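This document starts with one chain, in the form predicted on its own, laid out as structure tokens.
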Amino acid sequence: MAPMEGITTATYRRIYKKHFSGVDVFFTPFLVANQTHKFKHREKNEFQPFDEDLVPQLLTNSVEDFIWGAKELKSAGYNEINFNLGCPASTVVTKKKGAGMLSDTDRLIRFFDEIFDVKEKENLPDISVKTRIGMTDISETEDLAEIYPKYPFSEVIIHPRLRSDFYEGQPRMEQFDLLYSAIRNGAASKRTRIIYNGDIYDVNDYQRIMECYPDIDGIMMGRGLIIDPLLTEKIRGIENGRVKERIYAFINELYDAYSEILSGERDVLFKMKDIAMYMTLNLPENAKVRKVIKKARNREEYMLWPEEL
């Protein structure tokens, strides 16, 4: 399950795992490592208590802050952390973080050189990376294809879009292929797991990637899994009857959980409406159902929408 800010929170992940199966690994939305060398209380709740199915994700552009964050997460029990080089949000990119770091490959090389130098000497967790294929031009993928194979990442998760694409247009599979081949054949990266991420909405999407890359190590799903929480069960061929009842129970328990930790029904509704806008994308009466959701003023009105499943 991909990290999605504001959606795949610790609360969401906990309730999801109670109702559905088929996801092997979950990622936290990014945790900000900065000069304060303190995670916010909200961020701590994302990785505490320890969860063996979880990989915490760090966002920073500072080696010092990355090392601090890695050590903090190691002390919390995590043997692998993920570095965010994919977030396209303007508030992140303008600070040269997330996908913004891809615009300066010289700086990126220095960053990797320093963190892996420290990793050789100190007890840091394994380091994986979630990346896009560049900032604004597909030619940038060629630079990244020279960089990533030089380092012993535990895993490279590739979202084959430029930052400028955001989430629009088709994934750029030619660039994915370039990165995939370079990492798979790299001297330092031969043991690096390679994960595909992007536009997996149904079983056919999954099978198409697996047919093209039968040796790939995994598939990361974000929006597709939020839209259809049973997608991994469908992919694995797990019998998933009682769909309507299971989705209703999931939404109902999620509403309960957010009611306990958020301040007031307005905040709960805001959170739950955001999730429902994803989950209703594939419904035949999409516009009608989404109108019901937007107008909901309380729990009773909100819980009308699962009846349309």
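Just count from 1 along the sequence shown to find any residue number. Quick caveat, the model's predicted, so the values are computed rather than measured.
Although not depicted, the form predicted in complex with a small molecule is the subject of the following passage.
Participant: With the small molecule left out of view, choose which of 84, 232, 189, 128 has a non-hydrogen atom within 4.5 angstroms of it in the model of the complex.
Facilitator: Flagged contact: 84.
Participant: Please check if residue 199 has a heavy atom lying within 4.5 Å of any heavy atom of the small molecule in the model of the complex.
Facilitator: Contact check for residue 199: yes, within 4.5 Å of the small molecule in the model of the complex.
Participant: Using heavy atoms and a 4.5 Å limit, would one call residue 248 a contact residue for the small molecule in the model of the complex?
Facilitator: Contact check for residue 248: no, nothing within 4.5 Å of the small molecule in the model of the complex.
Participant: So in the model of the complex, does any heavy atom of residue 222 sit within 4.5 Å of the small molecule?
Facilitator: Looking in the model of the complex, residue contacts with the small molecule include residue 222, since a heavy atom lies within 4.5 Å.
Participant: In the model of the complex, does residue 304 have a heavy atom within 4.5 Å of the small molecule?
Facilitator: Residue 304 lies outside the contact set for the small molecule.
Participant: 9, 50 and 254 - do all three of these have some heavy atom no more than 4.5 Å from the small molecule in the model of the complex?
Facilitator: Checking in the model of the complex: none of 9, 50 and 254 is within 4.5 Å of the small molecule.
Participant: Among 258-266, 25-33, 62-70, 240-248, which stretch has residues whose heavy atoms lie within 4.5 Å of the small molecule in the model of the complex?
Facilitator: Only one stretch passes the 4.5 Å heavy-atom test: 25-33.
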